[in-house]
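Take a look at this single chain, the form predicted on its own, given in structure tokens.
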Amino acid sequence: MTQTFTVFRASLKMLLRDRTALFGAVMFPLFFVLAMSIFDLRFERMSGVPASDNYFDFVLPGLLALGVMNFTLVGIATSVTGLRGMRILRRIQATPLRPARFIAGQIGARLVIALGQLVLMLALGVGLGGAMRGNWLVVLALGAVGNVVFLGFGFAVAGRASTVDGAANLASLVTLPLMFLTGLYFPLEAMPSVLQGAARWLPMTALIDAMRSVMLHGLGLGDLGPELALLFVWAAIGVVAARLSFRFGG
């Protein structure tokens, strides 16, 4: 635990000191929320969405999930690959620090920043008129679970990439399908039935559906059993993938 906390504290300090990267990571999703609030569209026959809600109400939970995914998956993939490229990880390898503890410390630091980002996005979205009929703490709890899922896969990407550019490209190959095949911008019902069946098993779909259930219908954690179960399964898969793929050197 001492080693994990040391890595957590050092990683958090590094993230906070890189103000340019931190500003970009925070402002990019906030801009998306602001831009989407401009559209005044209504989906009267959209499955699972109250008729009184507009397009911004529908898309806001998806934007929150998108912010979680981009900051964690892309961020950790590129930063860890950069540390390996500078041979910092090889130096750490000479210490008694175990890979699992390094991963846990990095995940903890990213989780703190990501939850702060989520609070800002949620506050801005609701301030611009987005629906929030449930408990915002439940949304944050879902964001924490989503962070663990995508951080695990971010480490898995970093384990396979040899350069920062390679990590960014590989992360994009993962995130782009999750952006457009999970009902983020449009209802899943608008997709071909074959894609609908596959999309419902993706972690991003479960996260978006759970956040929409809370924000649009006022549901609590106890009502989100199927979505939480799928997220926990993906979280376990992500952690295993990170542990098997992660390497200090090479």
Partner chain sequence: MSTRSLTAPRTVAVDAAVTVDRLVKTYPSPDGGSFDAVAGVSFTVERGEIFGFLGPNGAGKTTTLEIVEGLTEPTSGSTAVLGLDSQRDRIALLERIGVQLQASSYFPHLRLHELLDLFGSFYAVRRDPDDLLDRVGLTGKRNALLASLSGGQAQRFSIVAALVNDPDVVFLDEPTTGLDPHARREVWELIESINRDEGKTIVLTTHSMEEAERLAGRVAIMDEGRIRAIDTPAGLISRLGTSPVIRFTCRPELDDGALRNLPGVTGLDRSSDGVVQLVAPDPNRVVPALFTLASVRTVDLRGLTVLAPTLEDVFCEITGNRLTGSTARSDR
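Because the structure is predicted, anything quoted here is derived from the model rather than measured. Positions refer to the first chain, counted from 1.
In what follows, reference is made to the form predicted together with the partner chain, a form of this protein that is not presented.
Participant: Just to be sure I understand the contacts: of 240, 10, 233, 22, which is the one whose heavy atoms reach within 4.5 angstroms of the partner chain in the predicted bound form?
Facilitator: Looking at the other structure, the residue within range turns out to be 10.
Participant: Of these, 140, 100, 92, 112, which has a heavy atom no more than 4.5 Å from the partner chain in the predicted bound form?
Facilitator: Of the candidates 140, 100, 92, 112, 92 is the one lying within 4.5 Å of the partner chain in the predicted bound form.
Participant: In the predicted bound form, which of the stretches 131-139, 78-86, 112-120, 160-168 has residues with heavy atoms within 4.5 Å of the partner chain?
Facilitator: In short, 78-86.
Participant: Quick one: does residue 245 come within 4.5 Å of the partner chain in the predicted bound form, counting heavy atoms only?
Facilitator: The answer is no: residue 245 has no heavy atom within 4.5 Å of the partner chain.
Participant: Determine whether any heavy atom of residue 127 comes within 4.5 Å of a heavy atom of the partner chain in the predicted bound form, and answer yes or no.
Facilitator: Heavy-atom contact with the partner chain at 4.5 Å: absent for residue 127.
Participant: Across 3-20, which residues bring a heavy atom to within 4.5 Å of the partner chain in the predicted bound form?
Facilitator: Those in contact are 3, 6, 7, 9, 10, 13, 14, 17, 18.
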